[in-house]
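The chain below stands alone and is given in structure tokens; this is the form predicted on its own.
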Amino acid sequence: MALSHAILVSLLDRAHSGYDLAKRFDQTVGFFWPVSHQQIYQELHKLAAAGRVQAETVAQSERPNRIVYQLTDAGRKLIDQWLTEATEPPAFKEELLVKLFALDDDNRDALLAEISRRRQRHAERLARYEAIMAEHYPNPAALNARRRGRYLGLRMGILTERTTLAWCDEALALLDLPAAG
């Protein structure tokens, strides 16, 4: 997936300024496709130049003018085409797992501390995802198609965090045992 697809999908429901889009990105797509706000602005300019989005300047009296981006028919066609393309499971790069290959008695405490720190971060993320779920998706069967898609993405995030927490608990318990001769 390219950043352009993520931006176009974020513009499906309504037009957004670059600032609003970046904020929305942080609270939605950014959970699993993290990018900087600068990258979003750069991609918006490319999409506008390619005719995939239309930029409209909105004058504001007390602030600088605002540029609002809206999906064009060409942008919608690009999304429709992209949706038909097969996807592959993501490549999994995890530095912590590589560090575990170096585990020995001398660095055990450092790795225990790192796994504990990671566990805390995953617990916080899970709590955030569950709060979003409770607030926005209490009844998945009553959702329209787009909201069901968002629900399913969030549901995968919740299940991933739960699985990661279970792995952290298992790793901490195993690393806490005395090593065999």
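Start at 1 and count along the sequence shown; that's the residue number. Just so you know, these numbers come straight off a predicted model, no measurement behind them.
The next section is about a form of this same protein that is not shown, the form predicted together with a further copy of the same chain.
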Handout entry: Residue contact check: Gly153 to a further copy of the same chain in the predicted bound form, 4.5 Å heavy atom
Key = yes
Exercise for the section: Report yes if any heavy atom of Ala22 sits within 4.5 Å of a heavy atom of a further copy of the same chain in the predicted bound form; otherwise report no. Expected result: no
Problem - 4.5 angstroms heavy atom contact with a further copy of the same chain in the predicted bound form for Ala48 - result: no
Handout entry: a further copy of the same chain contact in the predicted bound form: Ala59, any heavy atom under 4.5 Å
Key = no
Fill in the blank from the handout: With the partner omitted here, the residue among Arg66, Arg146, His136, His37 that in the predicted bound form has a heavy atom within 4.5 Å of a further copy of the same chain is Arg146
Exercise for the section: Counting only non-hydrogen atoms and a 4.5 Å cut-off, give the residues of 81-102 close to a further copy of the same chain in the predicted bound form. Expected result: Trp82, Leu83, Thr84, Glu85, Ala86, Thr87, Glu88, Pro89, Pro90, Ala91, Phe92, Lys93, Glu94, Glu95, Leu96, Leu97, Val98, Lys99, Leu100, Phe101, Ala102
